[in-house]
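Before any questions on binding or motion, here is one chain by itself as structure tokens, the form predicted alone.
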Amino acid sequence: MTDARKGSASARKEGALGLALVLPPLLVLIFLIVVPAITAIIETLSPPAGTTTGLTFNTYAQVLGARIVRSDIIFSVDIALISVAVVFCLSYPLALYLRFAQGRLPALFAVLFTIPLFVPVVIASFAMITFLVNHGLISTMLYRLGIARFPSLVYNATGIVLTQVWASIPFAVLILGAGLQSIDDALIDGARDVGAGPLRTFVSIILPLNAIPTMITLTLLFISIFGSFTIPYLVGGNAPQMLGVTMTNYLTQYFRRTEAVTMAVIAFIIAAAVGAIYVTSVSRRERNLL
């Protein structure tokens, strides 16, 4: 057998192995995500029973025409944006500290900040309720400080944001920290050698080189918080509610499946629009690496 034939056979074997590795998750993606998504979209566009008209957007008009649903969609987007902003502002300094600080204290913080990753969300939600509720630890501390009147910290938007922040910080620090670890120390040392201070080094070197991990962190956080259910269900108030809770109520309490599926499609469209940013960032990074 010539070298060319051996090379061709080896390439076919590697291709078959690669296909065998990719095929199981691809099938899972198709049957658990793509097929249900297409089925849901078709269901929401189908005409009401007894009519013969073609595809229609009446269900979307009906759902989006409801003031409560519109309020819940806006509330969900607002909660996600606020939570992402707070998580980012708290996580980036912590990631920078863990990346550049030396000694035992940073090593201790690196362990402590990962604790929420090992706490189930439902347990974390009940813990935050105990922590934030009236006569809880925060309320007691505020009373001791002489602050007798303050807004409620739980069963409203504040409680949702605080719990989302607590649960999301470790995830954000891990991704941001991974991006910071990839920055070559020689670049930072070179900036210092030419007289750049910490702020100039951060703005000119660190922030641009960590831009893609930052974008990935922001988009994944938004999608995760926007589509969350447990925290808004346990820590949120009665109205407005986040879209995941509203969908569940329409499906299990009001028995209005079509409206619930329509809300799911709307949520999917919003998340997909934000997810496109993530895909674009990853594609751009891969092109730059080539």
Partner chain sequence: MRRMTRFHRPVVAALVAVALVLIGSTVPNAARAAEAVTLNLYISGDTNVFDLFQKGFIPAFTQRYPKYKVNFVGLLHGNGSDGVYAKILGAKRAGRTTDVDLWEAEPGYVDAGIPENLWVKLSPKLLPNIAKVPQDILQAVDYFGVPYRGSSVVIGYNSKFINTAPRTFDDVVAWIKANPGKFTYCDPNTGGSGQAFVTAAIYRFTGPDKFAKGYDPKEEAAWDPGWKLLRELQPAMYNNGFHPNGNVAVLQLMAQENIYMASVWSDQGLDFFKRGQLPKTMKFTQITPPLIGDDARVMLPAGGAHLEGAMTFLNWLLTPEAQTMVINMIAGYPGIEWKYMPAPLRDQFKDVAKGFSPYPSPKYLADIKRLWHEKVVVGQ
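All of these numbers come straight from a predicted model, not from anything done at the bench. Positions refer to the first chain, counted from 1.
The protein also exists as the form predicted together with the partner chain; that form is not presented, and the subsequent description refers to it.
- In plain terms, the part of the chain that comes close to the partner chain in the predicted bound form, with a heavy atom within 4.5 Å, is 250-258 out of 40-48, 26-34, 250-258, 217-225.
- Three-residue candidate spot Y92, R192 and S283; no residue lies within 4.5 angstroms of the partner chain in the predicted bound form by any non-hydrogen atom.
- Shown without its partner, this chain lists A110, A157, V86, V133 as candidates; in the predicted bound form, only V133 has a non-hydrogen atom within 4.5 angstroms of the partner chain.
- Although the partner is absent here, S152 lies within 4.5 Å of the partner chain in the predicted bound form, judged by heavy atoms.
- Taking the partner from the other structure, the partner chain in the predicted bound form has a heavy atom within 4.5 Å of a heavy atom of F229.
- The partner chain is not drawn, but in the predicted bound form it has a heavy atom within 4.5 Å of Y233.
- In the predicted bound form, the partner chain sits within 4.5 Å of a heavy atom of R67.
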